[in-house]
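Shown next as structure tokens: one chain only, the form predicted alone.
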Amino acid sequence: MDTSQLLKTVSFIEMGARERAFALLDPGSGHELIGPFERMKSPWLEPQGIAAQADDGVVVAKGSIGGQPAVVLAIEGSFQGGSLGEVGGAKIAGSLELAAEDNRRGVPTRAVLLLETGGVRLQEANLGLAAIAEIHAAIADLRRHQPVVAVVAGTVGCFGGMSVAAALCSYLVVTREARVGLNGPQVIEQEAGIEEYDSRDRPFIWSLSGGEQRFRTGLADRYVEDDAAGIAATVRELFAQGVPAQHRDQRIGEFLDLLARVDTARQPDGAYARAAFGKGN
């Protein structure tokens, strides 16, 4: 990227969830649903001595993308690590369910998930897990009608049950700064030991679960620069492609074959993962 292009770039990562959501919608088309002034916040945090947020860390923006009806669901990674509880999860699941219902009524509503999340909120564990399960079901329902696009930009990454949501989406867009994994580095280190996975070794972590690696190993569909306009253009391109012939989670046999070839006796690194799962380069 040359200097003149860099000066025109607007960082998507440095935006908050609300800015990110509206950056993807067609200019002037968006409005927020269930916003902070409606005070739909978690009832479970304050009794535990944790300050709640008025929108529970989830932004729902309705408008259009490429001239077609769309809803963008953005998780605020700076609030409780982007964790999902009862209210935020219900906002996402309900929006996806309504988008699917729109499609059944002939309104081709699209959906984008902006995922900066560690997964379920531990303070609301069972309620959060139930909400995430409803999100999974809603994605599977909507993607029969319209593509569902997920974007993981940084800096929180996408982990836990919401990494499953990302995998269920029709397309996944990542940046270099993104990370995607079922378990976060600290959880892996806690369970398997620092010799297996050092959560402080950032180059090692990104070499296995970073955005570029996830793209090179076929677990993400687009690898993009941290540029709001570029990410918005990529999302529009993916919607124009339509629903893929086969979603990633439907390629079970292919991935099981790849896993069967993995040598679990050796310490994994980025090069070995690319060799085992990769697209080539």
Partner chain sequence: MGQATEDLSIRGRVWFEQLAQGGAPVAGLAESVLASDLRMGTREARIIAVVPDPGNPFPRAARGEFGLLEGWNVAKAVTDAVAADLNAPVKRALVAIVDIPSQAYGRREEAYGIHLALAASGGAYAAARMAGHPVVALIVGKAMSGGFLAHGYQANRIIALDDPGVVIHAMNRAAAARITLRSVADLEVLAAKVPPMAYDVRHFSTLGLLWRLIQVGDPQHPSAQDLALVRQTLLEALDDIERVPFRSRLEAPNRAASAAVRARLREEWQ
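Numbering follows the first chain given and starts at 1. What you see is a predicted model; the values in this text were computed from it and never measured.
There is also a form predicted in complex with the partner chain; it is not shown, and the following applies to it.
Screening D249, D26, E237, E225 for any heavy atom within 4.5 Å of the partner chain in the predicted complex leaves a single hit, D249. Remark: none of the three candidate residues (A17, Q68 and R200) comes within 4.5 Å of the partner chain in the predicted complex, counting heavy atoms only. Although the partner is absent here, E116 lies well away from the partner chain in the predicted complex, with no heavy atom inside 4.5 Å. Contact between A245 and the partner chain in the predicted complex is not found at the 4.5 Å heavy atom cutoff.
A residue is said to contact a partner when one of its heavy atoms sits within 4.5 Å of a partner heavy atom; F204 meets this definition for the partner chain in the predicted complex. In the predicted complex, the partner chain stays beyond 4.5 Å of every heavy atom belonging to Q241. Annotation for 100-127: interface residues with the partner chain in the predicted complex are E101, D102, R105, T109, V120, L122, Q123, E124, A125, N126, L127 [heavy atom within 4.5 Å].
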